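Only one chain is included here, represented as structure tokens and corresponding to the form predicted alone.
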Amino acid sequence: MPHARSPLLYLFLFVPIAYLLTLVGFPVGYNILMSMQQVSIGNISRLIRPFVGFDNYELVIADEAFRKVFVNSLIFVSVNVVAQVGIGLAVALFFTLRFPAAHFLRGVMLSSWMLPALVVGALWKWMFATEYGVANYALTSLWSGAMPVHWLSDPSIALLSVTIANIWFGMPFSMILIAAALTGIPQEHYEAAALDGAGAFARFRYITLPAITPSLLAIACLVTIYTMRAFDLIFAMTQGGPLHASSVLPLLSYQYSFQLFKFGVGAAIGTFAFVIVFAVALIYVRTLDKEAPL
């Protein structure tokens, strides 16, 4: 005979569903609706506005700036995922070694991730300053006669500059998650491999890497999602310039919406970014399902 379900169960289900519909579903739906309307300062306060269908999306796709920023976003995200996960893995493996102040140093590295992105962007903007920045000071000190590099004003390297800053900012997040995954590997496997004569590289290849591969995939998905939302750091460093050289989709959406007041076009750009993040989120959920024990 089936058990009667407690009304409290439905209450516990209603609360998260209401939260998701109110704070996630409504903004996403409203953004999609706005992307199909002609929205200006005069009618933005009204829900009923002229319907234009996919005209805003056609304008976005035809815009050369959008195509450039879309490629920037792909490069920015790809390099960040590879670098943050790769460097995070190397640092996490380093901290598995036993040496004085290891826990303290790991905490210091993690503290950089706790800083607001605007603060990190301002710090890196100062370090990359042409005249008085630390980067050019180190460059000219190491190579006498080297010319100062215009890290943030040269279109050819502006994206590289903000990418370096974002890697530094996000790497500790990957490091701490990978370190947690490493603690779940039984030490008996390493001891047995050492008795069989396996070296450090063989132990990493045949024990460590297979054991943490599901975690690395999940972390890569998380880094992709967080990097796709990058805005504060780039805005503080370059505001997407020069000539959209360091801009990404969230920043371009902001510029169209709140600087050019083309809210429908800005919403369409935001929808493109949302679709990419949503697809990666689905991959992340499937990765977690495969990682979960039966």
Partner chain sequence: MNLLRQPGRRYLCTLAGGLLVVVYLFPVYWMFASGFKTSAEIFANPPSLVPRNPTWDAFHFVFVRENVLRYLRNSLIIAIPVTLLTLVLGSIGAYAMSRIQSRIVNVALVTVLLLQVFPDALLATPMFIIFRSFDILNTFAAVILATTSKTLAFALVVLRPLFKQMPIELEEASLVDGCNRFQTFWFIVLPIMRVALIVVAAISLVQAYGQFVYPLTLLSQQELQPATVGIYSFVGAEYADWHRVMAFSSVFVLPILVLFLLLQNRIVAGLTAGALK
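A quick note: this is a predicted structure, and the numbers were derived from the prediction, not measured. Positions refer to the first chain, counted from 1. If you superpose the two forms and keep the largest set of C-alpha atoms that fall within 1.5 Å, you have the rigid core.
The following text describes the form predicted in complex with its partner chain, which does not appear among the structures shown.
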{"item": "Site test, 36, 75 and 242 vs its partner chain in the predicted complex, non-hydrogen atom cutoff 4.5 Å", "value": "no"}
{"item": "Touches its partner chain in the predicted complex: residue 115 (any heavy atom, 4.5 Å)", "value": "yes"}
{"item": "Contact of residue 68 with its partner chain in the predicted complex (heavy atom, 4.5 Å)", "value": "no"}
{"item": "Partner contact for residue 91 in the predicted complex: its partner chain, 4.5 angstroms, heavy atom", "value": "yes"}
{"item": "Interface membership of residue 81, its partner chain in the predicted complex, 4.5 Å heavy atom rule", "value": "no"}
{"item": "207, 110, 157, 149 - the one with a heavy atom within 4.5 Å of its partner chain in the predicted complex", "value": "110"}
{"item": "Partner contacts for 156-192, taking its partner chain in the predicted complex and a 4.5 Å heavy atom cut-off", "value": "167, 168, 171, 172, 173, 176, 177, 180, 187, 191"}
{"item": "Rigid core fit then residue 12 CA moved by 2 Å or more between this form and the one not shown", "value": "yes"}
{"item": "Rigid-core frame, C-alpha of residue 99, shift of 2 angstroms or more between this form and the one not shown", "value": "yes"}
